[in-house]
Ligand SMILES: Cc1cc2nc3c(=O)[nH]c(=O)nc-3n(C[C@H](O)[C@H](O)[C@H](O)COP(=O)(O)OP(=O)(O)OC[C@H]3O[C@@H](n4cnc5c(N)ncnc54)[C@H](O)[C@@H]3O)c2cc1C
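The data below hold one chain only, encoded as structure tokens and taken in the form predicted alone.
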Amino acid sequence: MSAPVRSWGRVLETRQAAGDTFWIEVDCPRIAAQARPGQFVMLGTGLGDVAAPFLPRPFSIGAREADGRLGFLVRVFGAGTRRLSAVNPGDELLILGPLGRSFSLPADRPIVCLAGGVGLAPFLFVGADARLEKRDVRIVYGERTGDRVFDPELIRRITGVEPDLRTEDGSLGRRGLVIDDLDLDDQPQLLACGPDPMLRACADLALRHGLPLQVSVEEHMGCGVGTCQGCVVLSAAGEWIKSCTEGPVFDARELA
């Protein structure tokens, strides 16, 4: 794995992709050249503007284009993400990355991505790369309500995949969860990213069907490089491990 790069990136495009969700594209060729699906960056405004909150935030890399641009899915949860969602083309962001462990995608199986909420982000990257390699990828994407669903047309543009949309209230797509009524007869490689309860349900699904599962965990991070130890998860061996350096992608069997 290459050493991460700290670089300024110029914002090229921002668009609102759902009620509280934004898609931001940034020109950052040094990091884009190294990025792999499942990795993340620490994204912030730097110390030139110290208005709180100024600490960077972790974001999965949602897209990597040949021209050096990176795409990020930003959902507003608090002051930090609200500030990032308000950037404009021409603004500069300080980016550290690529960080963490990427997905390991077997060549002999189709891929089914199970995405909950902002857990969609790494699968935009997976889908785009798979299209270049002519791989079979399905994206099953769930939200609580239709107004939170990331723009399906943008998903299709980035990945070339028609997403299988699920909402818990049935207001858009199929009513239900991402694990409901899946066709797994082709013995796919399962990938999952989303809240912990969803990941546990995906692990149960994989176990019942005897399928391999890789999960990308969503833990709070202060540094992204293993120093603060704020993102630890419990391993199957009963040890606390850092998701920023040993993850965020794990074989599901590695975790408790």
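As the structure is a computational prediction, the values presented were derived from the model and not from experiment. Start at 1 with the first residue shown and count on from there.
Omitted here: the form predicted together with the named molecule. The next part is about that form.
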query	finding
Heavy atom of Ala86 within 4.5 Å of the named molecule in the predicted bound form	no
In the predicted bound form, Arg75 touching the named molecule (heavy atom, 4.5 Å)	yes
Residue contact check: Leu205 to the named molecule in the predicted bound form, 4.5 Å heavy atom	no
Arg57: touches the named molecule in the predicted bound form, heavy atom cutoff 4.5 angstroms	yes
Option touching the named molecule, based on a heavy atom within 4.5 Å in the predicted bound form, out of Arg30, Arg200, His209, His220	His220
Listed residue (Pro152, Gly146, Pro110, Gly80) with a non-hydrogen atom within 4.5 angstroms of the named molecule in the predicted bound form	Gly80
Among 177-185, 87-95, 133-141, 113-121, the region lying within 4.5 Å of the named molecule in the predicted bound form by heavy atom distance	113-121
Contact set, 17-40 vs the named molecule in the predicted bound form - heavy atom within 4.5 angstroms	Phe40
